[in-house]
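In the form predicted on its own, a lone chain appears below as C-alpha cells.
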C-alpha cells in the first residue's frame, strides 16, 4: 500500500478546492483511505492519519471513527505518537462517551513517567476532558505532582486540580496541604495557576474561604506579591506594554475581592495596596485600564474606606473620557451599580455622563440614559430633566418609550411644583406621545384633576397643543378630556398663569369634530372626543339654539359609529376579514347586530341626553321607523334623517352572477352630507333559495364604513322577495368611492363564496 500523503499536502490540496462540493469530495476520498489504513492496523502511518483526521474534524467533518486509534497512539512509547494521541483524545472524546474510561490507566502511567513532557501531556488531557470517575481515580497522582519542585509540572498540576475540584468538590481538602507553599514560588506561571486554584476553592467552599481568611491569613501573601509586581523593575519576560505581568495582577485582584467581601480585617489589610495600584498604574494603554477596572471592582465589593471608594469612582469618571467605546460602556455599567451606595461621588461626574447621551453608540446611550435617571434628585431635577427632554427629542425611536417612562417617574417623585409637573408631562406627550405607557393618560388626567388651581392654565395649554399637532394620540386624548371638563374656563379666558386666548364655542367644537373625522384618530381617541362634545352641552354657560343643534347632529352621526364600529369584537372579526380579502389598503367592517329596543328607549347615549333640554325647551320625542333597525340617537333631532336629494342619485347593479343580483340604492344623511347611506337589495332568480347569506364589505382607509344587520339571511327563489341591508359610508375628503365585497351563501346544499370589486359608483353618491 502506498504511503499516505502528509498533513501539509492535504491542507494544500483542500485549500485549492473552488466549491464546497469539491472540498467535500476530497475529504471523503481521504477519509476512505484513512479507514482502509486503520483496518489494516498500519502502525507506521497511524500518527499521520490521526493528525489529518483531526484537521478534518476542525473543518467540521465527522471524525469519530478515529477515537480508538487515539487510544492506541496514547499507549505508544513514542512521544510524537503520544502527543497526537492525547490531542485527538481532547478533541474527539468527552465524558459522555464510555471510550474515554479506557485511557485512565494510560494517563496514570504517564503521570508517573520519567519525562516531564509526557507527564505534562497527561495533565493537560485530564484537566481538559477528565470525567468525575477519572478525577477520583487520578486525584492522588495530581496531588503528588503539585508538590514537586518542577515548575513546569506544578503549574500544569494546579490547573488540573482546578478541573478535579469542579468535577468532584469533595476532593478539595486533598489539595489543601499542597497549595500552602504555592504562593512562595517565584515562577510567574506557578503563581498564576496557584491563584486560579485558590480562587476556585474559595468560590466553591465557604469553609475554605474562612480557612484562608483566619487560619492561613492569605491576604498578606497576596498583597506582598502584588506589591512586588508594581514596584519591580523592567522584566522582559513578563512585561506587557510597560506593565509587569498584568494577567497575574488581575487574578490576584479577583482573589482579593473574594477574600475581602463582607470581612473587615481582610478589607483593612488590602486598602493600602489597592490605593497604590489605583494611583501608580499607567492608563495610556489598554492593559493598565484592565488592571484599574479590576481594582475598582475590588474596591467597590469589599468594605473599603470612603476615600478609596471616591478614588475608584473618579477612575470610572476618567474612563468616560476615554476614546475606546468598550471602556466607556464598562464605566457606565459600573457607575450604575454603585450609584445607590455612593450617590454623591457619582454626582460629581454628572456632566460627563450627560455628554454620553450624545454618543453615536446605542449601547453607550442606553447605559447613559439609565444612569442619568438614577442621578435625578430633588436638587437637580430641573437641569437633568432639561437634558433628558432634549435627548427625548433627538433620540432614536427605540429609546423613546424607556426615556418617556423614566421622565414620568422622576417628575412624579421630584416635581418642584404642579405647574412644572404638568408642563413636563405635556412636553413628553408632545414629543413622544405615541411611545408612552398605556397608563400615562389616566395618570395625567388624575394629576390635572387634583390640581384645581391649574385647570384654566392646563386646558389652555392643551388646546394650543391640539391646534399644533393631533398625531400624538395620548396628548389628544388628554386634551379632549380636559376640554370636555373645563371647556367653560377655556371659552371664558380665565387663565392667570399666561396670557389668555380668545376662543369661541364654535371653534372648540370645530377642533373636536376634526378629531372625529381625522384618519390619525384611534377608536379610543374618537371616544374621548365624542364624550367631550356631549360634556360641553352642559359646560358652556349659555348654549344657544345653534350650538345645541350642532351638538345633537354630531352625536347623532358619530355616536353609533364610535360605540359599535370600533368595539373589540368587531376589530377582531375585521382583522379576519382583512386576511380573507387580501391586501393592506382596505379597512374592513363587519356587520354588527344592533340591540332592538322600543322606539322610546333609544340608545345608551340617548339615555344620557334624551331628558336634557339642550335648547331650553322640551326634549323632542324620539321617532324611529318600525320597519328599520333604529339608528343610535335618531330621536335627538326633529329633522329628517335623509335629504330628499336621494331621488337624484340613480341606483346601480353592483353584482350579478349565478342568479344572485345585488343592487345599490343611495341616500344622503341629512345632518352631514359627507355620509352616504347605501341600501343593498339582494334578489335570487334561481329555483332554489339561497340560505346562510352573508354580505361583507371593505373600503380604503380614507373612508369609514358601518354595515348594519340584514333583514334576513335567506334570499328567496324566483325573485319572490329580497334581502336588504344598510351601509353608511363617511367620505370626508370627497374621494371617489371604491368598495370590495365578499358574498357567502349556500345554494343547493353547496357553500358558495365570491369576491367582487365595485368601482362604478355614481358621482352623485360621493361628490
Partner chain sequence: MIKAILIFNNHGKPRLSKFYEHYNEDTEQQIIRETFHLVSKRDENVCNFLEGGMLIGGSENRLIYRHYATLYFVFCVDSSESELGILDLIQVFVETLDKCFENVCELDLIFHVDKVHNILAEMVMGGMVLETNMNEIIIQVDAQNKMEKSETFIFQSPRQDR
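Numbering follows the first chain given and starts at 1. Nothing here was measured: the structure is a model prediction, and the numbers come from that model. Rigid core (definition): largest C-alpha set, two forms, superposition within 1.5 Å.
From this point on, the text means the form predicted together with its partner chain, which you will not see here.
- The stretch that touches its partner chain in the predicted bound form, counting heavy atoms within 4.5 Å, is 249 to 257, out of 693 to 701, 435 to 443, 249 to 257, 527 to 535.
- Contact with its partner chain in the predicted bound form, defined as a heavy atom within 4.5 Å, is made by all three of 115, 124 and 128.
- Of the residues given (723, 741, 726, 63), 63 alone sits with a heavy atom within 4.5 Å of its partner chain in the predicted bound form.
- For the options 504, 341, 77, 149, the residue carrying a heavy atom within 4.5 angstroms of its partner chain in the predicted bound form is 77.
- For the chain shown alone, residue 18 is not a contact residue for its partner chain in the predicted bound form, no non-hydrogen atom being within 4.5 angstroms.
- Looking at residue 468, you'd find every heavy atom of it more than 4.5 angstroms from its partner chain in the predicted bound form.
- In the predicted bound form, none of the heavy atoms of residue 424 sits within 4.5 Å of a heavy atom of its partner chain.
- Although the partner is absent from this view, residue 263 stays clear of its partner chain in the predicted bound form, with no non-hydrogen atom inside 4.5 angstroms.
- If you take 3 to 30 and check each residue for a heavy atom within 4.5 Å of its partner chain in the predicted bound form, you get 6, 7, 8, 11, 12, 15, 23, in sequence order.
- When two forms of a protein are overlaid on their rigid core, residues whose CA moves 2 Å or more are considered shifted, and residue 367 is one of them between this form and the one not shown.
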